[in-house]
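Shown next as structure tokens: one chain only, the form predicted alone.
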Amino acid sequence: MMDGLFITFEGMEGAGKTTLARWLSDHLQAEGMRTWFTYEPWEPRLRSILLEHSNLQSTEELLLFVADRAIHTRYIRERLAEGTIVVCDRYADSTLIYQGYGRGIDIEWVRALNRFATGDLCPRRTYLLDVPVEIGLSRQRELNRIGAEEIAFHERVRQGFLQEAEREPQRFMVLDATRDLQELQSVIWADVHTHLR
């Protein structure tokens, strides 16, 4: 059986990742393709701690995200081996950006931990939804612990995502998340088809 396709959506809070990732998964299913929509943090107990626990130190936060990713990646690999298209709302890039660029933890150390947790599993395509910080934060529906960080933190996150996209232009597609939703859907759908071929 042919391996599936691994697609991720990244970006800061309020960029529209979840909306577009769910849309793509539903659209692929409607076209008769086997898909799995997933997200990070993934493991329910770890997700609760990571998004709501106010007393986490930076290193504790990082290691919990990495542990969550190690568990999640095992299930992603299983789905890909079955030929499923996996659409994921956040993956390893988010940890690199938020804990590395945002929190100031050594970037190369975070990269190494990500590689260890994922066994080097990397998405074929990552859609980076870029939006000015003020616009993104104003769009948030639910304010979690990380979304409530200061503006300067979110500026570092945005710049970190753009720097990583420059570092891997063959994997990232940077999209202006202030564009009309239907325009974004059209661009993504056309691009996904090139990978399906």
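For clarity, every value in this text was computed on a predicted model and none was experimentally measured. Start at 1 with the first residue shown and count on from there.
As for the form predicted in complex with a small molecule, it is not shown, yet the points below apply to it.
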request  = Answer yes if any heavy atom of residue 139 is within 4.5 Å of a heavy atom of the small molecule in the predicted complex; otherwise answer no.
outcome  = yes
task = Indicate whether residue 186 is a 4.5 Å heavy atom neighbour of the small molecule in the predicted complex.
result = no
request  = Answer for residue 181 alone: is it within 4.5 Å of the small molecule in the predicted complex, judged on heavy atom distances?
outcome  = yes
